[in-house]
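This document starts with one chain, in the form predicted on its own, laid out as structure tokens.
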């Protein structure tokens, strides 16, 4: 019992830093509706800035003063990021700010590498708090006890700020109704900047406070961001008390999981989140989301329609160029084009449910990687012919999508996205830990195509036919009555239900179809590479697809395809450079600011303005 109590105290100590970071993210989302994936980067900045200041400022005053200064410095950096990067795109389509925060992650990653180097930094011990206290005979670090004691004061200070001050009143009002706050004369721009800066400062303080326990390294942003989002979603997006309860719950369960069930540590928090969201769809203390509240939705969309003769001519010409490519291109370019077509099909499958259905999935890689693994397992363990194994890839991915969709489709918005992420992590954990079947991180190798496709040129045509065919099929479905019903359910679910459309059933079918097409992309991928590894199921793969959809234009039919082509070419060129993340991040930020409707959407808008101006010109 004494050992269990000591483990419980360790969990509470870990919860203090996690709560600080999560409360900052919860504040930012509650007011600005920004899904800030760069929040972990500000946590990392807090750790590096904190350890640097602690080396300069000695003693008790220096240690705690460094933590205070760190939060202020990170808060100022966050406010600058909000002004320069996010403020220009608040009126962009929903969740478009997510792409900008992804660019910020890449920029901060390489800037930290340039300033502090690649080596990990050990955090100094807190002066006067070295050693342990024994509680019921079990050693508990003194710093852990202090962290446990500080946490309630932090929660009280945040509660007082939000509930008892004028700033807090404005924050709560903006959380409930931003438009009304603006109508009453409150400067929303500076309110958003202040809240974003405060949220980043809390993340910086969290990074600095954990230094005596962990130190600073370049991977800590990615290591913390998953747990932070889980905590915020379990507690309820925008709820500080909920974030506190969830931080304690997740931290204590993680400590106990490491001790008693170490195999569960990779996915334990995602399992908890999945259970909570299935029982309480909006988290423990969250509220139901309002459609269109994740940032400004932008201008109303024009009705979708098939391409006219000009568009069809351009597409036909492009397909002819792709078909003739093997006659004048080298092998490297053909392999790059295979990768591009596979990625375009994967992105198009996500764009189908995101753009047309309004379903934002953070776990779409489960179907891409699931299809790849399904085909590879048949070939590896049973020596199934490539043709049969390939057909099994989209089938298995579709069945997986039916299973996951049954739980997820009842949720909406960020909660839907996070539940898909939870199930995706479960699939990744299965591939990573079930070594007897999947060979874990060693992957499945020697998964080559049949002899008639065993060559770059034949496989290129195979990929081109199936990849382009899959993309065109999805476009046909979008223009079919099913696609219009899916869009009706996205734009106005209540009116769609009143017209007799079963919105949830339509969305469920669309989710399964998107899974099938992602599995098809995964099947093409595994035989093109000859292997598959758990990395294809990781969160990063899902986010890559999400980024290209927004970059291309979520409100356009060609956005996913164009975004995939753009990112594939740019990454292939930039990754040859030393600080390629910095350049790629800056490029993404520039594209987001200059083309807030995405590449295709901005080109379309510019063309419409040009033709409209031409029509108005007197002759």
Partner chain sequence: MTFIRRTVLAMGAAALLTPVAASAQDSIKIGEINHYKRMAAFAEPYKLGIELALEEINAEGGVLGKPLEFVFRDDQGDPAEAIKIAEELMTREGTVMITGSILSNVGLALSSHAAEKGYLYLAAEPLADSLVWASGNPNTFRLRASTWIQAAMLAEEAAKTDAVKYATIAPNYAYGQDAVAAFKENLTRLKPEVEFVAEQWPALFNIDAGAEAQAIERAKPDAIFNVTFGTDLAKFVREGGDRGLFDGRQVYGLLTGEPEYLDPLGDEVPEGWFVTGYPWYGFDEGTPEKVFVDAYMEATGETPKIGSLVGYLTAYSIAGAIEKAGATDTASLIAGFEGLEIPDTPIGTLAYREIDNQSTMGAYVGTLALEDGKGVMVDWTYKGPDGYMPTDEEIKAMRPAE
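Residue numbers count along the first chain shown, from 1. Owing to the predicted nature of the structure, the values given are computational and were not obtained by experimental measurement.
The form predicted together with the partner chain exists for this protein as well; it is not shown, and the discussion that follows is about that form.
- A single residue from the set 188, 384, 535, 492 has any heavy atom within 4.5 angstroms of the partner chain in the predicted bound form; that residue is 535.
- A single residue from the set 172, 87, 479, 213 has any heavy atom within 4.5 angstroms of the partner chain in the predicted bound form; that residue is 213.
- When the partner chain is considered in the predicted bound form, residue 219 lines it closely, a heavy atom lying within 4.5 Å.
- When contacts are judged by a 4.5 Å heavy atom cut-off, residue 326 does not count as touching the partner chain in the predicted bound form.
- Taking non-hydrogen atoms only, residue 435 approaches the partner chain to within 4.5 angstroms in the predicted bound form.
- In the predicted bound form, no heavy atom of residue 30 sits within 4.5 Å of the partner chain.
- Stretch-level contact check against the partner chain in the predicted bound form with heavy atoms at 4.5 Å: of 248 to 256, 412 to 420, 503 to 511, 76 to 84, the positive one is 248 to 256.
- For the stretch 559 to 577, the set of residues having any non-hydrogen atom within 4.5 angstroms of the partner chain in the predicted bound form comprises 561, 562, 565, 566, 569, 571, 572, 573, 575, 576, in sequence order.
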